[in-house]
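Quick heads-up: it's one chain on its own, the form predicted on its own, in structure tokens.
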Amino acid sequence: MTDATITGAHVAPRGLPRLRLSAAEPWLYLAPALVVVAVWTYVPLLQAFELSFYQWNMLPRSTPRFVGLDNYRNLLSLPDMRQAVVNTVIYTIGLLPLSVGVPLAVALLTGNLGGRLRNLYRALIFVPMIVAPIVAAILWRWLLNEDHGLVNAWLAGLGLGKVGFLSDPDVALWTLVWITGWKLIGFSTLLFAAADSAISPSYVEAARMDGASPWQIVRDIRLPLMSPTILLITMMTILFGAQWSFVYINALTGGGPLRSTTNVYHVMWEYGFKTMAAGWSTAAGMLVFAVFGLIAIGCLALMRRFAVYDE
């Protein structure tokens, strides 16, 4: 037996445990994060799913009573829940122009401006994003006050009548859509501007040398290469738009007037913390989780299908 054979016979048994450890090493790094996600997300989710089959008023000495699917049946038959679902759809659709259309136009139009002027425009647009939501709600309550608000004073100066922005059932929902979208414009503009600036200038220069017009450059180069960001913000708006409006509903209208501004998230909060119906609240949460989970799967499939990447 040679020295090389003897050396190999000693090395092989020691190499096997090292190989196994290197395969498990990424999971060891991820373990703390996975434990936190499991404890704070999936364990409460499973507990909420179990609670959705019980009737309980959340008092410590009361015992939850098993009611099966009654919570789900009652929720689906409630006019308030149907109104909340319709309003949730309106919130989602109404926010898309403000979170995607306007910011995309601003990012494209300011992309060709000079450095200082471009930064000034984008800073002015981004200011609403850094205002705390409850502060923004109070600010808009003052501005839209029907008797002493500045907006109604301007309308009166133009010879127009007063508008009950927060008290008219036909106007209040769209007022909250505007306030929520106003907060999102700066954030979306920042992401679109970052995506636009990441496009290689050589593509644009080559198109200009070929005689492409500015609109053709936008249509054929900038928009396709910004499509991952466009689809991402569209998906975020669909999944979280109604949830982002909760603060303004709670602070400005409380779901009124005549339930015209409520949505599924505000209904869940009312069931859980105003009427203390934990079973109804968790059942509504499970329905929202299932519906938005399916929508998220569809949105991810659309992103994989239509997003264009610069490879």
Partner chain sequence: MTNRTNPGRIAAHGVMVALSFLAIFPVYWMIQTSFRSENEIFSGGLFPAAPTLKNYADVLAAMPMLRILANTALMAGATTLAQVATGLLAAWALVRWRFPGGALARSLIALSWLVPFQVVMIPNYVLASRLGLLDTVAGLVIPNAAAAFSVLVLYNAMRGFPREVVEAARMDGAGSLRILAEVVLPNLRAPLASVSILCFISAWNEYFWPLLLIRRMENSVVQIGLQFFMTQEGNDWGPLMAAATLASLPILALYLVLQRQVVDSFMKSGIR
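We call the rigid core the largest set of C-alpha positions that still match within 1.5 Å between the two forms. Positions refer to the first chain, counted from 1. Quantities reported herein were computed from a predicted structural model and do not represent experimental measurements.
The discussion below concerns the form predicted together with its partner chain, not included here.
> Going by heavy atoms within 4.5 Å, which of 67 to 75, 168 to 176, 105 to 113, 87 to 95 lines up against its partner chain in the predicted complex?
The contacting stretch here is 105 to 113.
> Does the 4.5 Å heavy atom contact test between P224 and its partner chain in the predicted complex come out positive?
No, P224 is distant from the partner.
> Spell out, yes or no, whether the shortest heavy atom distance between P44 and its partner chain in the predicted complex is within 4.5 Å.
Looking in the predicted complex, residue contacts with its partner chain include P44, since a heavy atom lies within 4.5 Å.
> Wondering, does A123 line up within 4.5 Å of its partner chain in the predicted complex on heavy atoms?
The answer is yes: A123 has a heavy atom within 4.5 Å of its partner chain.
> Within a 4.5 Å heavy atom cut-off, is N152 in contact with its partner chain in the predicted complex?
No.
> Can you list, in sequence order, the residues from 35 to 60 that come within 4.5 Å of its partner chain in the predicted complex, counting heavy atoms only?
Contacts from 35 to 60: V36, V37, V39, W40, T41, Y42, P44, L45, Q47, A48, L51, W56, M58.
> Would you say whether W182 is displaced between the shown form and the other one, judging by a C-alpha shift of 2 Å or more on the superposed rigid core?
False for W182: its C-alpha shift is below 2 Å.
> With the core lined up, does the C-alpha of L258 move 2 Å or more between the shown form and the other one?
No, the C-alpha position differs by under 2 Å between the shown form and the other one.
> On a core-based superposition, does S77 travel 2 Å or more at its Cα between the shown form and the other one?
False for S77: its C-alpha shift is below 2 Å.
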